[in-house]
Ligand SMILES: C[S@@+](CC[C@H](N)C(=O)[O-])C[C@H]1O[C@@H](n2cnc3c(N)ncnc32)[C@H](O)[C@@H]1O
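Just the one chain here, the form predicted alone, laid out as structure tokens.
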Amino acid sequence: MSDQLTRLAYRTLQQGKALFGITHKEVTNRLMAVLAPDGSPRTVPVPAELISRLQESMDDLHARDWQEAEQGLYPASLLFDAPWLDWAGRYPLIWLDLPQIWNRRRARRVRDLPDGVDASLYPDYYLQNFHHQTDGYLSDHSAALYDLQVELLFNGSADPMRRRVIGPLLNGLRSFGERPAGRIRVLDVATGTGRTLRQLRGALPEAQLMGLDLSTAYLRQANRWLAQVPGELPQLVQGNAEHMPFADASVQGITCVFLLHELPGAARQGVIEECFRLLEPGGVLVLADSIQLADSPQFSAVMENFRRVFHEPYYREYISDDILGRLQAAGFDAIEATTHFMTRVWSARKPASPLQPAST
């Protein structure tokens, strides 16, 4: 396929995914109105000009995604990498799950978790129905639906947003340029179902990849997804990101995608400091998470509606948090930040002569 045809196919795919996501939301809203006509979440108005700005921002994200593939940061095949047949089979399950989600939201049941969960194995803040999703992060049912739910939420732009970590990661790993690629170790913190690891494998085919997550159910799903990818299977480890079971200075790169906004402030700082501990001097941390009020004030209504519609107990505090200050307090330097559609990306380096982290 020629470059022009490939680019046209990519644009058509993104437009189709966005249209599908918008249509799904409209139909879902109508269904929710039927299920609970007087219980719909109260949202703030989103003016038409803001919708246009969101569309422009999403278009810029897709243009950047295509450009970085053209530059060789990752193979163009990643632009089309989605388990369409699998998702088509799971889509009806999302509809069947909607009444449970709505009833849980209406009744404000935010700790409606599977029977038999040993609460002592998890921090208290984790034992919730984030997004009002059934079983929280603690069942195979939840893990099976998660990727498709996220794609629908972001109108098909979830993977392009995840791929924003690749450029800063590769740039940071250049300090280890004389080291064989097979001796570069990259850890994805809160890897979930492994979608970020799948993107990283495309960009780093020879690196040693690892993923850590607190949910065994999500790690089982990650293992199924990642087993389909050519190359060495990433190592998946169950554990708390505040106390990761890895040695000091044992990895050269760390990524963490969409975790920080689901943590209380103290845990957020703890995870950042753990990442500093694990990195070899000169190593790079790349964080990707929701936009914040400071960098994207024009989208404040979108952030407010996200908080109101979904159960995100730490989101209001997160969007005003000083992530730069947290990184500096942990000892990082060379901190840079960029914004892409709904995602804010920070990259930070552990100094070659490590600084003592500031006390918190």
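Residue indices: 1-based, along the sequence shown. Keep in mind that what you see is a predicted model, and the values were worked out from it rather than measured.
Here the subject shifts to the form predicted together with the named molecule, a form of this protein not shown in this document.
Asks: Taking the named molecule in the predicted bound form as the reference, which of 157, 215, 199, 221 has a non-hydrogen atom within 4.5 Å?
Replies: Contact check passes for 215.
Asks: Out of 287, 284, 263, 143, which one falls within 4.5 Å of the named molecule in the predicted bound form, going by heavy atoms?
Replies: Checking each option against the named molecule in the predicted bound form, the one that comes within 4.5 Å is 263.
Asks: Decide whether residue 231 counts as a contact residue for the named molecule in the predicted bound form under a heavy atom distance cut-off of 4.5 Å.
Replies: Result no; residue 231 lies far from the named molecule in the predicted bound form.
Asks: So in the predicted bound form, does residue 153 come within 4.5 Å of the named molecule, heavy atom to heavy atom?
Replies: No, no contact at 4.5 Å.
Asks: Is there a heavy atom of residue 162 no more than 4.5 Å from a heavy atom of the named molecule in the predicted bound form?
Replies: Yes, contact at 4.5 Å.
Asks: Would residue 259 count as a contact of the named molecule in the predicted bound form, using a 4.5 angstroms cut-off between non-hydrogen atoms?
Replies: Yes, residue 259 lies within 4.5 Å of the named molecule in the predicted bound form.
Asks: Residues in which of 100-108, 83-91, 123-131, 173-181 have heavy atoms within 4.5 Å of the named molecule in the predicted bound form?
Replies: Looking at the other structure, the answer is 123-131.
Asks: Using the arrangement in the predicted bound form, list in sequence order the residues of 171-202 with any heavy atom within 4.5 angstroms of the named molecule.
Replies: In sequence order, 190, 191, 192, 196 come within 4.5 Å of the partner.
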